[in-house]
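Only one chain is shown below, in structure tokens, and it's the form predicted on its own.
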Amino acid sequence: MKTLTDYVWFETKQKRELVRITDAVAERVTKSGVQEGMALVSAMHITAGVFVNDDEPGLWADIWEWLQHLCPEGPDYRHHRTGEDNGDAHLKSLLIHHQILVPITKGKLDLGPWQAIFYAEFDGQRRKRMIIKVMGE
């Protein structure tokens, strides 16, 4: 079995930000030489997530609104008693989840026609890291 592990660093410019990472993952798949397998993508921060969905700005706005409705920024979360102010970001991460698996078929990411991979940042404006691990034959 072939494997490739790559840590990708980037700087988020906003507190809440979606970063389209499909091309970065596809580049690692090509570099790995894996023809049939899986790509694991994981946010290495507890206030971020990774997901697959449509690359459409109206949907992004709906997602942010939905997350803000379920986990509003600002309330007195118990987590804030530790001196932090990002309790909502931790809860949003639970809803989106921190990692995904994407199939690789014939050396390419096997995504649907409208699907893209996103890194969702809920407490940004600083350096962030994710891991891309490609596995297969």
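Numbers for residues come from their place in the sequence shown, where the first is 1. Just so you know, these numbers come straight off a predicted model, no measurement behind them.
Same protein, other form: the form predicted together with a further copy of the same chain, not shown, and the subject of what follows.
Is the gap between residue 115 and a further copy of the same chain in the model of the complex 4.5 Å or less for some heavy atom pair?
-> Yes.
Taking heavy atoms and a 4.5 Å cut-off, does residue 28 contact a further copy of the same chain in the model of the complex?
-> Result no; residue 28 lies far from a further copy of the same chain in the model of the complex.
Non-hydrogen atom contact residue 58 with a further copy of the same chain in the model of the complex at 4.5 angstroms | Although a further copy of the same chain is absent here, residue 58 would touch it in the model of the complex, with heavy atoms inside 4.5 Å.
Within a 4.5 Å heavy atom cut-off, is residue 85 in contact with a further copy of the same chain in the model of the complex?
-> Judged by the heavy-atom cut-off of 4.5 Å, residue 85 is well away from a further copy of the same chain in the model of the complex.
Can you tell me which residues in 77 to 91 come within 4.5 angstroms of a further copy of the same chain in the model of the complex, by heavy atoms?
-> Residues within 4.5 Å: 77, 78, 79, 82, 90, 91.
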